[in-house]
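What follows is a single chain, given as structure tokens, in the form predicted on its own.
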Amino acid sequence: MDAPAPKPPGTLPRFSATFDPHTISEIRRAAATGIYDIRGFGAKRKLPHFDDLLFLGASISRYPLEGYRERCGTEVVLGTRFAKKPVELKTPVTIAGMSFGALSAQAKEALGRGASTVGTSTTTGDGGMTPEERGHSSILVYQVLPSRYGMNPDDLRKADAIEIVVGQGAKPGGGGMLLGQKISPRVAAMRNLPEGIDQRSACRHPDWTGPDDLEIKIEEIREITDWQKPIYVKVGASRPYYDTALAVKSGADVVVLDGMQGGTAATQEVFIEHVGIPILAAIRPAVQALQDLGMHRKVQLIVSGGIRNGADVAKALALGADAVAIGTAALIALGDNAPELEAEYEALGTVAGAYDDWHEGRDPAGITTQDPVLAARLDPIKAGRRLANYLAVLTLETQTIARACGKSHVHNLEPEDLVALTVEAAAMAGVPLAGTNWVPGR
């Protein structure tokens, strides 16, 4: 039998497209440990996203607004359907729910400080309300989750809005995790848990099994809060048309829709990468549900999941959202994955920008930890200032794009201002493929 012909000099072996190096290493890890991988952050696969859309700026057929000299409004009011005291924000960018437990008390305070500086809201997350967060958040949304951790009527009344969390973009249909090393005495006391023992939140609410029961729960919360507070319903993006319609039927003032690019402090990687749909694919069906019910702009829509810059914000608003929420980007603004900590990230077996072991509680930035020494590294005042700067830039960028499209308010952006670069994005967003008038599927 003849020997195989030698490969030409300089030819490198190729990995399989299916069994790439990461897949091979995950198979080996699973075989060696017998447990699934847990991590934080969001999906790392490339997905159709806002980068696949472009704005059509004004020229002859449209009239742009002049620079910063002509006003372009950014304010948004949330909860106008039933609440006696709707939430009034100066910017359409809000801070998503991230719990004390997943984050340090310093990080929660910093989020409140940054959001308050620019006149927007922050959200408690699973685990209850801390005095630091309430004290430094001018507008605070209180989350009600299946776990009921930290849940009490007094904190409901202290909040400015209530968010009932049905699902999260990184893990629709699944519960969150908080490993024992992050369940400090304070976290354990707030959540009524034993210290140092791994915790997994329930994946569904114990008080209801469908929209009729949810309607009863919403009315119960309204009675507790004297109908003062807007009530949001948050869902992970999976069946956005029906979930949005049922949230409206149940009496929600606001629907929060979280795409699969949204992050989490800890869950199975198989959830993060393989459950849910991109936010780009979720916005239009949700808006369609609101339009079909005659409730678009009457019930407000907040979208989240991979919002990074003002262009993302503007595109979400153009597709029909009223506001957006950021989570991972806010943590990066606070100082997470900072390059000056590169040596410490390398000691943990990773690099700055890729660190995602938030569940381990060893974050050198002091953000996703309960270690008092590490948490003390984060200065809430400085971190809050960085977040405020970032939020201000997002708002200015959104205004810049709106003005370029001839809009005097960011909510006047519309699908007609957008085109898509790919057939997939055109179909998902319901806008034409660039250079054509073709919307796939129509």
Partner chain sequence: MPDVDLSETPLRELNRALHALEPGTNETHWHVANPAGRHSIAVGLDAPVTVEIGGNVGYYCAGMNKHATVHVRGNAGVGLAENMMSGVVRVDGDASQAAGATGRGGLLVIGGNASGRCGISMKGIDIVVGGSVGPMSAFMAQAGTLVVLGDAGEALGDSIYEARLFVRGTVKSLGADCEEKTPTDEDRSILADVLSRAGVAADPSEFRLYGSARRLYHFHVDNVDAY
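Residue numbers count along the first chain shown, from 1. This one's a predicted model, so the numbers in the text were calculated from it and none came from an experiment.
Only in words, not in the display: the form predicted together with the partner chain, which the text now covers.
The partner chain in the predicted bound form comes within 4.5 Å of a heavy atom belonging to I35. Among residues of the shown chain, R200 is one whose heavy atoms approach the partner chain to within 4.5 Å in the predicted bound form. Interface membership of H296, defined by any non-hydrogen atom within 4.5 Å of the partner chain in the predicted bound form, is ruled out. Heavy atoms of R191 reach within 4.5 Å of the partner chain in the predicted bound form, making it an interface residue. Using a 4.5 Å heavy atom cutoff, T209, D213 and I224 all lie near the partner chain in the predicted bound form. The stretch in contact with the partner chain in the predicted bound form, judged by heavy atoms within 4.5 Å, is 225-233, chosen from 225-233, 301-309, 366-374, 241-249. Contact annotation: of the candidates K158, K85, H274, R204, the single residue with a non-hydrogen atom within 4.5 angstroms of the partner chain in the predicted bound form is R204. Think of it this way: in the predicted bound form, the partner chain has a heavy atom of just one of A338, M151, C72, V118 within 4.5 Å, and the residue is M151.
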